[in-house]
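Quick setup: one chain, the form predicted on its own, written in structure tokens, and binding and motion questions come after.
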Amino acid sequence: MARPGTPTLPRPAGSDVLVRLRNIVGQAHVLTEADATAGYARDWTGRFVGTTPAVVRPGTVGEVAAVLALCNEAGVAVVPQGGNTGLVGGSVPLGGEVVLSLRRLDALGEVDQVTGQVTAGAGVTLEALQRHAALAGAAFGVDLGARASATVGGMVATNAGGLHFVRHGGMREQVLGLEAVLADGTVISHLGGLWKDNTGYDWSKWLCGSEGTLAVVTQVRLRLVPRYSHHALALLAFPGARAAVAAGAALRATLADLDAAELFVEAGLDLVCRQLGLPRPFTEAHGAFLLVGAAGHEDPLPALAAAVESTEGLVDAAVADPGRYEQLWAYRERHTEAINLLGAPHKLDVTLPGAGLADFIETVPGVVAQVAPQAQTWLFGHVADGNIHVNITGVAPEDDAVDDAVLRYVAACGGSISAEHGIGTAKKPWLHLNRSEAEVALFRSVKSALDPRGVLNPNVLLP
């Protein structure tokens, strides 16, 4: 989805916006050449491509504030951007906005051993945060396949979920305080990290999932979780999705150390193995698979093995020894990479009620086929929290017919059109399927109060 034309910056009376931006952040940190800005104007899938007159890379919260104050004064729209790993077009300048890159805000504070917390800059990558926590004997509760490039600020903005949601929740559950900058350059900060603080509105939670429309996050106070020394992993095979979903529910109810429960189906496994040269985990093909992880301070393998032994519908299993741990994870984590090799996919991450999850997995490929017979549907996701990623290839990036069919079907099944990627640009026309007119009006009221000129990411979320 590309927008034509070359964006330009308006000139406020008596000044030049670019000159003033360079005076704030330095000549080297305002990029205007097409070769330098191209990577910031295209999303990871290649489906969403925009243009920008400038990429501005502030290095301090003061510089962020000054940049936003100037853009607000000049009426220049801004798209905040972290690692640009979003999948719904929410972090690229599809309307010709200035890109505000937060990657230089990469400071990490010392881990507070008493409270189990750390303060991280918005530009800190998830991988860097994980390493930092590990050195202090702790861990971070959210993990994503894009850990090497996804940033803390972006994960807050989209309320990222990830692989361990079943145990620790998403980003909203990890945030204990924020520093952010409003559209007019006002800095608001509440980084004390108190576990109990009932002094009015918790505005930091407002910003989780706001997709950069209310303020620009610059620092986050995060809770850490225990670093477990023992891990166990098993890949379970089932005749079909119904048995796999039922097994996921049973494991969540009975396995105390459950750390992950990831579902995929035979077509996706076959694609990953063919495209990426991985060996098949089983000699025979099976309908569906669960990748089940457990972690604890003591070896969770006996409990996992016992749970697997009593799992109904199981037809085969592979338990990871230390040498196969990464290989088993690769069958699930590399789905996105393998699918992208087929062309820019339509990526629809959705949540279904638990009772309807298996039905949805079995029927949604048919829903897609009715609209686009040539399309291929790839399904995987976090079965324990009802989150399925519907990936569709063989359809032009700008053809929204499959999106419309799938998202309407999700809503008809009582689900959510967005589980963890946000609304962005991709799902904006369908927000009404999950949110009432009164709710959308409330969203607009909050947006108007915090960003009255509408300069912060104006082309996402709100229809």
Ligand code: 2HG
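Everything numeric in this text was worked out from a predicted model, so none of it was measured. In this text, residue numbers run from 1 along the sequence as written.
Beyond the structure shown, there is the form predicted together with ligand 2HG, which is absent from this document and is the topic of what follows.
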item	value
Answer range among 433-441, 398-406, 27-35, 413-421 for contact with ligand 2HG, defined in the model of the complex as heavy atoms within 4.5 Å	413-421
Leu87, Thr336 and Asn391 all contacting ligand 2HG in the model of the complex, non-hydrogen atom within 4.5 Å	yes
Exercise: Lys347 in contact with ligand 2HG in the model of the complex, heavy atom 4.5 Å	yes
Partner contact for Arg221 in the model of the complex: ligand 2HG, 4.5 angstroms, heavy atom	no
Phe264 within 4.5 Å of ligand 2HG in the model of the complex, heavy atoms	no
Interface membership of Tyr331, ligand 2HG in the model of the complex, 4.5 Å heavy atom rule	no
Sole residue of Phe360, Phe289, Phe140, Phe380 within 4.5 Å of ligand 2HG in the model of the complex, by heavy atom	Phe380
